[in-house]
Structures are given as structure tokens and as C-alpha cells.
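Encoded as C-alpha cells, the following chain is the form predicted alone, with no partner shown.
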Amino acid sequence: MITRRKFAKISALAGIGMATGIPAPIVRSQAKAISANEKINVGLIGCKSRGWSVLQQFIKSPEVECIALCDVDETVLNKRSGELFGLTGKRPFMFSHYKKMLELKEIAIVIIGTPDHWHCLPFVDACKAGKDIYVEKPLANSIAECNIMLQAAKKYNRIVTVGQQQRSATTWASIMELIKSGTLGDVKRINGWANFGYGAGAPRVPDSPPPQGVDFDQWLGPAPLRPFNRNRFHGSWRMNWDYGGGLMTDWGVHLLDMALWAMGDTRQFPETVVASGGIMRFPGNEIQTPDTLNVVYNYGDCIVQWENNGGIQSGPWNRNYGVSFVGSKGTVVANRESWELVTEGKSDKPLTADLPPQPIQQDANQTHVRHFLDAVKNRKQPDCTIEIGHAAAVTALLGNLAYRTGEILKYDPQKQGFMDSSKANSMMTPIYRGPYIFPSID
């Protein structure tokens, strides 16, 4: 039995900082540190939604100046340029193609906030151009792209962080410390889930010409040629395999990352992966990714289970999304709103009647960016390294491949391939549409 006094002590862990987490990797970059008074010039690729939100966190720091914006949608580009001028009093350079933006030697950091299928090419080119990178999650839309991006970051000694901001939240670090302390006993099961209405896609509509000012051919980029459809464009692309991986690579990356963290970041890849699901609720919608999905990852001494349900807004523990760490003595349940600890045998009640679920740190986005900027200035590794982002993305992508192949998959990270699955191996690397070429490392 965990007493009230002990629980109060556990709750106090919420004040513990990132020092309680895993040690930072050895610093690889030998680039010159940025002095305290130097400006850090930033360029943003992909300005519509998440990229713009991340940039707003960057410009809260007085040493940061955004000098360039890049987007294939002229309307979005002009809108964000005007908004940036309103926030900072300065007009940025504007580009319709990222390669032109990377030619600006003044840029120190590139933010990549594009759809997932457009992460890899600008990332590798930014590494080659000597830029440090903040890339949104998931790291990429395929395992092969994740692998080449990891190689590029190492080869060119770049400071990279991935937008898995929970890695910078002290509350999540405290939860990991709690698990590490043995308070929960043996944790042999970790469950993650995400139930969101948008996971159902949208009702189908006819194809149409792209909006004025949109370079749709460039928006498609290396993805297959396909007519424009508004339900596969801004805000809706994620449920199509060519551009994203559904709820699995949207929320799964965040929550499976917490499972990897809880296991110590040492067992990055499972022994086996099996999945089942389908487009069961909304077969008439514009959707290719499953609206209903279960995935089981077997790590040998721990089972990690993933579940997502598109079109539903409720879920286990009265949370439509979250993660539960199930131990022999108790279970921790958490999402970005709150966390609670429930002792074994009392799973239907909070630990004590007068201690409500504990709040979660709400400024993780700003902290994540702040820590990344400090890492760039000091040439140290950030909270969510390229290795951490790589592991989380590949884990989510493994789940999608298990679903798409219908096979029990065994992934060999050393050989970067699957044992006994030619079908999964054939789906690891996307076929880039010409003139785009899958990147290589010089």
C-alpha cells in the first residue's frame, strides 16, 4: 500500500528538472559556440500550421530573429510574412523553394514544419548546408528516410531536435523517475492510445483545381502524382499513406516515445510487432490509414500496446488519449492534462480521495525550444536528440507496416531490414517521383 505521505513525496517529484532523466549523449558537433549576445537567425520551411506555431515559440527568445520563410502556398507565405512583421517589426525573405532559402549563409537554424513526406529532403540538404535543425515529428514518413536523416545528422555534426516536446517537460521526467524508483513494482505492460475525431478523415469530395497561388506539384514533391483534393491538402493530408501515417505517426510518436523513455531508451526496437485493424467506421471517407487499429510490440520482458480509434473522443481512464504504465504495485496514467497514480487492487479509485490527479506542465513547447536554443549555443545535445526522434518514428512506422502487411514483423536495426518479410522490406523505402531523388550521404 502506498501511503498518503509517500504519495505526497512522489507528487513533489513534479518539481524535478531534466537532471532526473537519462544522461545526454556525447557531444559530436565541433562547431563554434554562439556567444550570449549573438543573434540566432532562423528560417522556417512550411508555414501553414505546426511550423508557424513552433516559430512563435522561437521568436519569444530575444536572441532569435526569423529572417526567412518558405512555403509552396503563396497565400500562406504572404499571410505569415505580414504576421511576422506585426510581431517583430521586420520583414523576412520569402521563398517558394527551400533550396534557395538554404543558400542564405546567415541562417543558423532551419525549422521544418512541412507535411511528413517533405521532412527528409530539406533535412538532409540543411545538414549539408551546415544548419542546425528543429524538425517536427514524426522524423519522417518511412523507415529508410528516418535512417538516412540519422546518418546525415551524424555525418555533418549537426545539432538536431525533434518536436517531441514531452521530452522537455519536468512532469514527464518526474514520472520516469517514479517508474525508475520501483514504486510501481515491475512494469511489464505499457498502453498508449489516441481517440480523435479527425482520425476518421473527411467525407469524400470531387477532385478540383488547386487554389490560386499553390504550387501543388511542388507540394506533392517526391510523392506520386495525384490530382488536387482539398481533403488531402492543408489539415487533411495526414490520413493518406503518401504524406503521413494517420493517428499512429501523429499521436503514436509522442506516446510510444514515453514507453521508450520508461524502458530506459536502451531497447529501441521490439522483438516482434503485430497489428490488426482497418477502415471500419468510416469507409466512405477520404482516408487510407486505419480508423481502428491495435498494435502489440513485444520487447521480451515488456509488452507495449497501441490503440487508436478515429471518430471517437473518449477512451480508457476517462482520457481520449494517454499512456498507462502498469506495474505490479500500481499504475501511472498520464496525458498532457494530468497524471495519477493508482495502487494495485484499487484501480477504480484514485490513490486517495482527497488528492486529485496531478497537473502536467503546460509550457513544454516553449521549454523544448528554449533547451534546443541553449544546445545550439553551447554545442550540446538537446532533450530530444535525433536518436530519440529516430527511435520513436521507426517504432510508430513499424506498427503501420505490421498493419499494412498483415504479418508478424521482426525488424533488424543492424541490417536495417526485416527478417522473413519481403513485403515489409519493399515498403521501407518510398519510390521518389522524378525529378526528386532519394537522398544520399556524400
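Position 1 is the first residue in the sequence shown; the rest follow in order. Keep in mind that this is a model prediction, so the values were computed, not measured.
The protein also exists as the form predicted in complex with a small molecule; that form is not presented, and the subsequent description refers to it.
Residue stretch of 273-281, 73-81, 317-325, 257-265 approaching the small molecule in the predicted bound form, non-hydrogen atom distance within 4.5 Å:
Comparing against the small molecule in the predicted bound form, the contact stretch is 73-81.
Heavy atom of Q416 within 4.5 Å of the small molecule in the predicted bound form
Output for Q416 is no: heavy atoms all beyond 4.5 Å of the small molecule.
Close approach of K180 to the small molecule in the predicted bound form, 4.5 Å, heavy atom:
K180 lies outside the contact set for the small molecule.
Consider T161 of the chain shown here, and say whether it contacts the small molecule in the predicted bound form, taking contact as heavy atoms within 4.5 Å.
Close contact is absent here: in the predicted bound form, T161 is far from the small molecule, nothing within 4.5 Å, heavy atoms only.
T114: heavy atom within 4.5 Å of the small molecule in the predicted bound form?
T114 belongs to the contact set for the small molecule.
Residue among F228, F196, W237, F269 with a heavy atom within 4.5 Å of the small molecule in the predicted bound form:
Result of the distance check: W237.
Which pick from I45, A392, L55, L401 sits with a heavy atom within 4.5 Å of the small molecule in the predicted bound form?
Residue within 4.5 Å of the partner: I45.
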